[in-house]
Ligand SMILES: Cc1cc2nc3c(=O)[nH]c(=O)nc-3n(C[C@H](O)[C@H](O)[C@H](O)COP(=O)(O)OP(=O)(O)OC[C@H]3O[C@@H](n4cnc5c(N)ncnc54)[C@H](O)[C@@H]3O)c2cc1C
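Given as structure tokens, the chain that follows is alone and in the form predicted on its own.
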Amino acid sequence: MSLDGRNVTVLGAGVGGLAAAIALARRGARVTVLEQSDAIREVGAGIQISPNGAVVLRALGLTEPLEHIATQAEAVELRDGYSDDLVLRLDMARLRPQQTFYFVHRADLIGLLAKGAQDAGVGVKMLHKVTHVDLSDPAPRLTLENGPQIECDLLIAADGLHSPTRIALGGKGTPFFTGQVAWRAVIPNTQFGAIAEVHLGTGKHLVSYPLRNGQWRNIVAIEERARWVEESWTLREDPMQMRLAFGDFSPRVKSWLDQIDDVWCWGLHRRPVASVWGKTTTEGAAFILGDAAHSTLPFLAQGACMALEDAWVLADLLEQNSDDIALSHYAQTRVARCQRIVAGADSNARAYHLSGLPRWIGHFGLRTMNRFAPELAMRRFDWLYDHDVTRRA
């Protein structure tokens, strides 16, 4: 089915929603994005864009502006959090010179996508918070917080972890707490090299990498906790809590934490990958993407990349097929891959937080691989990074 002139409503002006809006508008659709906040902005800090996400930004014509705001990654290093000793180095620049990995500030990426959407003719309506989605016939209907209802032809819901669209599709309503709490902050950067460092500890780890041409250093610290923590991204916390949690880490890590004056804290919640990714009605259709379909732990740095993949795949399918065929192919294309990514992130969470003998054995194995066959470590991720949703079979 041609998208030319078709009215599309996108819920959410995040990475997935804006990418989908651009992809659909460039295929001829008339796209309106509904955003619940009063402006398109993103609190937060750093985000990683691996090659599978970068190819989507390239296909959207955004590589040049991306390279102005992002830092190209050289390597990822796993380090012992207590001694700072190197455990494993994934040298992307040397082992994957044909691929590009980026570190970018989340706000900068949102700004880039918002500009791309504007250039593509996408309309954006702020202060439009959707509280209920009705997917009964004849067409998808949205209820806004302030009362009005909106009927949609084609609804694309990038409406996050608490997606009312997923609930309307019959999905589980309440995300579960994963037992992980994260702090995030940025500090001035005084180190050279575009390297992401993962400092491993027992029941916790800390990730750091440069942002904004090396001017800033992104800090994300994860700790296992039994108690429930609210899943908001906008909870402030006393930096001393983070310093105490990582007080036994290396002096270099503690020197970073000592510089933090402003820190955000959030509990990591998720739901299983959705079994239903959309629905067609007699006069319309609705689809979900991003966290609404497959929230994940951040330990493969794939949240944004998964949403970018979803956006491109869905726009491509809708351009070539009727809504019902697009829906069938969309689920077939995305479910298995997203399940594998979510499982991989869960596995990394366990591996990063080992203790006792399993920790010693695991680190010994990684050090051995790092010394004798570092390329094998990179090959483990070929299935992830080599995937190009923009290349048609």
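The model shown is predicted, which means the values in this text are computed figures rather than measured ones. From 1 onward, residues are counted along the sequence shown.
Note that the form predicted in complex with the ligand isn't included here; everything after this is about it.
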Does the ligand come within 4.5 Å of a heavy atom in each of Ser37, Ala158 and Asp291 in the predicted complex? yes
Is Gln180 close to the ligand in the predicted complex, meaning a heavy atom pair under 4.5 Å apart or at it? no
ask   = Do Ala304 and the ligand share at least one heavy atom pair within 4.5 Å in the predicted complex?
value = yes
Within a 4.5 Å heavy atom cut-off, is Gly201 in contact with the ligand in the predicted complex?
no
- Any of the heavy atoms of Val130 lying within 4.5 Å of the ligand in the predicted complex? yes
Given 121 to 129, 274 to 282, 92 to 100, 74 to 82, the stretch touching the ligand in the predicted complex at heavy atoms within 4.5 Å is 121 to 129
Partner-free chain; cross-checking the ligand in the predicted complex, the single residue of Ile47, Leu66, Cys338, Val56 with a heavy atom within 4.5 Å is Ile47
Only hit among Arg166, Arg217, Arg270, Arg106 for heavy atom within 4.5 Å of the ligand in the predicted complex is Arg106
